[in-house]
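Only one chain comes next, encoded as structure tokens, the form predicted on its own.
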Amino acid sequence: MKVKVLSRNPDDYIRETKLDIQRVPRNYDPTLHPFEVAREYTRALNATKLERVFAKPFLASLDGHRDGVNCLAKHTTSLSTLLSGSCDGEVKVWNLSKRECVRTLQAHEGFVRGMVVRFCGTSFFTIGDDKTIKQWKMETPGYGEEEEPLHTILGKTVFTGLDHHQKEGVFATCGQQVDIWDEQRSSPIRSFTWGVDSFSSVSFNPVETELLGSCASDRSIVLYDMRESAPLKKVTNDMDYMDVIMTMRSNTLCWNPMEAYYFTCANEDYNLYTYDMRYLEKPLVVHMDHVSAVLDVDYSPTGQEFVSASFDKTIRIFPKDAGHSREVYHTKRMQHVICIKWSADSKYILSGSDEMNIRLWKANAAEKLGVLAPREREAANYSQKLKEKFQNHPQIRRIARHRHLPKSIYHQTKELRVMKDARRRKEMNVRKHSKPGAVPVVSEKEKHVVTVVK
């Protein structure tokens, strides 16, 4: 006679200490769990609803400026340091962890047009309406010391944009022309002219550090290569520049920090355009959603997303390859947003606006800040995976996409949609009543580019 004896190892189900989590044996055979997908869907739905409940992106407002904030600069080595320049020529240095101003200096007469921190973080540069470039120490002067710039360069014209090389003591300015400066010299080592009245912004490529891009007043975006040997020479070689002319003027340009070929420009026609500089005939993506001119743009350090600031008093976050924004931030008090920065740890967004305030926002509106317990982190990761798995289900997609907008922006969006539909309808009617091929179909991407000059 056979006798079967039940044998269990206590280590499989008894906790080592009373602080451990109870062990629950589970059989993962799918035939034993016929309602698994239904349960997961319910969890995903609840996670999506809770995300909207906890979406509170606004963190702090830094006030102290006496005029509109015109430009912001991130510190290259310190996460908690931010520099801001206002329309009355004042520059402030902020400690973001304490949320207070640690230093104020009267840098220029008139607007501070641009500022940038040197790659080593020991000094920073500012430009203003008084036609000067000034280099300042990052350290606060000691007791009794005067607040004096390290160097001052007097230019011939007003400067409108400024950026510093990522590895060398070289910086670029723009105004009536794009100038490349050595920190040790008081005159530019190279000047690029393109036969236009003025340039509004200039930006070095953070990966291919010898390349820089600029936005000009004749609606063009011009890309330059600094590796040409002859200095102080007008660029005429085919390899030295590329130029794309659009239907409306671009305000600023920002390079993708992870993909050297891609850059995004903020345009006056309410859109942003992401280009591949190897193929400038049409943009890779047209990013729509703003209802007024886009004034500034900045990439996340991961290169996966970017944030835009607009004249319509909103901030929008776009995935780099999506045509529409995933998030929109606004407050009752915030006026036209002039400048925007994404923090170097990819968690925060900083915006400067007309009504003299700098605002600190979360990059992920529903993210919990501070130290997370392991179980909290696991639960957040599990919820995120569930939301990704069921993101295309109609109910979940509707809840995840819904945003409350100010009445003015809601009505402007509606009006723009009506105008766009009317234009499309008219084009279709003209094509229907014309000879075949007389009215070609032009894609949305191709509509906005007039010509490319090489």
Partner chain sequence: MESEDPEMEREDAEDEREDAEDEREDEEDERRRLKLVEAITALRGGRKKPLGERSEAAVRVSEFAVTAEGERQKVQLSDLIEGAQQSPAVPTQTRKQLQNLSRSQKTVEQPLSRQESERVQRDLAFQKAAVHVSRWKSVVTQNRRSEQLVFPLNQEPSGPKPLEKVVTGWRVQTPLEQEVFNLLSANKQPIHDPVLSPAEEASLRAMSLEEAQIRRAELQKARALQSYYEAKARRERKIKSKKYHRVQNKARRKEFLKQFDQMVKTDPNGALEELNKMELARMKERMSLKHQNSGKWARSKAIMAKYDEGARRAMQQQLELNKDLTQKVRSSLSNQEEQEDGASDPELLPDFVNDAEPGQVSSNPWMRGELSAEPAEAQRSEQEVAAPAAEKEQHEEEEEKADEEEALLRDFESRRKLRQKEEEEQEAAVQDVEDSDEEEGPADQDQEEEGLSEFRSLFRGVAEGLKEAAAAASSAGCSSAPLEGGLIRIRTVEDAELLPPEDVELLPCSESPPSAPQEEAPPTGQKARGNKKRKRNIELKEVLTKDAKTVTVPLAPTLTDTADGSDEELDQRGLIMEAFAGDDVIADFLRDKRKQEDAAKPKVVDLTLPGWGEWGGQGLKPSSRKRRRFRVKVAPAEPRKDQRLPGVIISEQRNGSLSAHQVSALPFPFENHAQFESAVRTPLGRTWNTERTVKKLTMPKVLTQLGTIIQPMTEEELARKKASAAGAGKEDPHKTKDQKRRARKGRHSQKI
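The structure presented is a predicted model; accordingly, all values stated were derived computationally and were not measured. Numbering follows the first chain given and starts at 1.
Although it is not shown, the form predicted in complex with the partner chain is what the next lines describe.
Although the partner is absent here, E148 is not a contact residue: none of its heavy atoms lies within 4.5 angstroms of the partner chain in the model of the complex. At a distance threshold of 4.5 angstroms between non-hydrogen atoms, Y262 is in contact with the partner chain in the model of the complex.
Not displayed here, the partner chain is kept clear of S61 by more than 4.5 Å at the level of heavy atoms in the model of the complex. Contact check for R423: no non-hydrogen atom falls within 4.5 Å of the partner chain in the model of the complex. With the partner chain omitted here, the record of contacts in the model of the complex names 205 to 213 of 205 to 213, 309 to 317, 178 to 186, 136 to 144, defined by a heavy atom within 4.5 Å.
Only one of K156, R227, K98, H324 lies close to the partner chain in the model of the complex, with a heavy atom inside 4.5 Å, and it is R227. Only one of D88, D129, E305, D269 lies close to the partner chain in the model of the complex, with a heavy atom inside 4.5 Å, and it is E305. In the model of the complex, every residue of the candidate spot (K4, E40 and Q384) has a heavy atom lying within 4.5 Å of the partner chain. In the model of the complex, the partner chain lies within 4.5 angstroms of at least one heavy atom of each of the following residues of 262 to 292: Y262, M277, R278, L280, in sequence order.
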